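One chain is shown next in structure tokens, namely the form predicted alone.
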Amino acid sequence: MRILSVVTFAFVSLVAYLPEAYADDASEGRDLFIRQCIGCHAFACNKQGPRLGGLFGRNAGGVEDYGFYSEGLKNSDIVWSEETVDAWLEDPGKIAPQSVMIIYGKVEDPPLRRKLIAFLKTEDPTINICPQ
């Protein structure tokens, strides 16, 4: 019975910690977004890059009113998920060789990609710097 109590305590402690750890990841991802992404992206509007609001579950190249996708990305059959965004950020050239993201979008460090993805999932409305 004592072992069951210890295991239960460990599990409850882990579950209680996860949302806080995720929030820390999103906060650090926000900082990375501000340093590397905000010049071209926002959640609410298209800029030099397409808007990122509603990214997860959307087809790559799927923002109707954004007209600057590479042919490779438009024809990729990718649906954005944590896994596909992670692969995109790791090496956009593998998915769309003509994409501008090849130059600006690589995030080689896996923990940084995880943090950026955690932030992207928040769709933080305070970060929308849209052209007027």
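Residue numbers here begin at 1 and follow the sequence given. None of these values were measured; they are calculated from a predicted model.
Unshown form predicted together with ligand HEC; subsequent notes refer to it.
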V100: touches ligand HEC in the predicted complex, heavy atom cutoff 4.5 angstroms
yes
Any non-hydrogen atom of A96 within 4.5 angstroms of ligand HEC in the predicted complex:
yes
Mark L120 yes when one of its heavy atoms lies within 4.5 Å of a heavy atom of ligand HEC in the predicted complex, and no otherwise.
yes
With a 4.5 Å heavy atom cut-off, would you call R30 a contact of ligand HEC in the predicted complex?
no
Candidate spot R58, G61 and L116, all three in 4.5 Å heavy atom range of ligand HEC in the predicted complex?
yes
Members of 85-113 lying within 4.5 angstroms of ligand HEC, judged by heavy atom, in the predicted complex:
W88, L89, A96, S99, V100, M101, Y104, G105, V107
